[in-house]
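What follows is a pair of forms of the same protein chain, given separately as structure tokens and numbered structure 1 and structure 2.
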Structure 1
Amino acid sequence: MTGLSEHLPSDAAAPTTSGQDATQHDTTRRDRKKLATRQALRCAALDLVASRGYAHVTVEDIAEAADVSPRTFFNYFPSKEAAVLGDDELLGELRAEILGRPSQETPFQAVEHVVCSHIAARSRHPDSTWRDPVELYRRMRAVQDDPYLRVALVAHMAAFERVVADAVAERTGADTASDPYPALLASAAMAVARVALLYWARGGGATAAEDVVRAGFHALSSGLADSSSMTETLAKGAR
């Protein structure tokens, strides 16, 4: 956050799907290696954290498991947390998508839609391999199981809050300094997403993540009046 942020690759490309010789299509050898290293690091991080707990894994361990030097780890991730919680490349998309929603939608609707569809896309099912070899589900399991990471996730999502708040303000022409609504909506929405995702992970992925999140937004839009506001929606969806 302080530095120059010249962190190199991004997960968001190169499926490396089942086809083994999709190796050469418009990515150079360098890019492929970078991506491989990044994935190895992420994967090692998740494995180690899952088995030992976040506090008992050092950056050195992760680097070793991915067979790179500890210093190299920091060329890919700005912090140990980032390797586990990841997803930073998604911030830009989020902004663009909120701004891109039809203008007759209320900010609430726009945010709900964007958040839900993002989560739907990256959560398919606990064992699908879509584009991120290290998946949302594993991350959320790790977070759910580790007290330190539960706190870290909240902090991590502060970045999302800010982006969402700015995008909402831009949509409505509000001034962030004088109008607390964008920040309020963003924070509440991220709280919903976080609680819902952890609930989803806790339940082993039984209900689709998207449905849990949508139920959370529904409860939110009903003013959180009633403890049944969410469970009912979920039960209805499960039928």
Structure 2
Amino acid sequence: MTGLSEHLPSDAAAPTTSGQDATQHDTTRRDRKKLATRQALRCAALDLVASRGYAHVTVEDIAEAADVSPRTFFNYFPSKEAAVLGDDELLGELRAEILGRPSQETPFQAVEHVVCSHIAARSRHPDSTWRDPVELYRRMRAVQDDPYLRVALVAHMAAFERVVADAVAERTGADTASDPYPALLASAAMAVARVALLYWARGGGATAAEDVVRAGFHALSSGLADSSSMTETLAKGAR
């Protein structure tokens, strides 16, 4: 995926020397076009929701604003909620990575590592609005200010919490029907990620997103005794 962040060669560039090179070039161009369309749809959804409110925006509105058809919209997102909140394509990876962490790690350590790793990857991926903290903050504010989106966010976060809780339960042998620990850890981890990302985005992304989230996990593991570690981490990039 690193080729997506590079400039496309101009039409005046030297011709390719093999059919394989030409195929790779065409694939890269297609990937870029898909990325641009996905980002245009996300931006259109955010703009419309911020100006009209979620209930007054349709898939057709978003598609029209992005200059594509509704059918094309559904090639990228299953719903308008997904265009604003993101979809759940990483849930399977999240579960597998928690289960794959070294056995000597505590469940807390395993979840912290995986959540921070995913946030690091998402914040650098060319297909992620997390790369732009201003855009992420705008999206998070739009969600908080819209009653319909707040409901959608609860369901969105619940899906992640279930996956994390099930992975912790499988890792520890706990019975989720009688042991609240997996659900408690999952809920706390998602809260740390959500709040840390909000403050990271509000501050313009002065430091790495995963560092702020990691500081949040540290504060949680220390019993939330004080806020100095998160405050110091947020201030690092501002010096």
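Only a predicted model underlies this, so the values are computations on that prediction, with no experimental measurement involved. All residue numbers here follow the sequence of structure 1, with the first residue given the number 1. Take the two forms, superpose them, and find the largest set of C-alpha atoms that agree within 1.5 Å; that set is the rigid core.
Of the two forms shown, the form predicted on its own is structure 2.
With the core held fixed, E97 shows a CA shift below 2 Å between structures 1 and 2. With a cut-off of 2 Å and the rigid core superposed, D67 has a Cα displacement that reaches or exceeds the cut-off between structures 1 and 2.
The Cα position of S51 differs by 2 Å or more between structures 1 and 2 after fitting on the rigid core. On a core-based overlay, R42 has a Cα shift of 2.9 Å between structures 1 and 2. On a core-based overlay, K33 has a Cα shift of 8.6 Å between structures 1 and 2.
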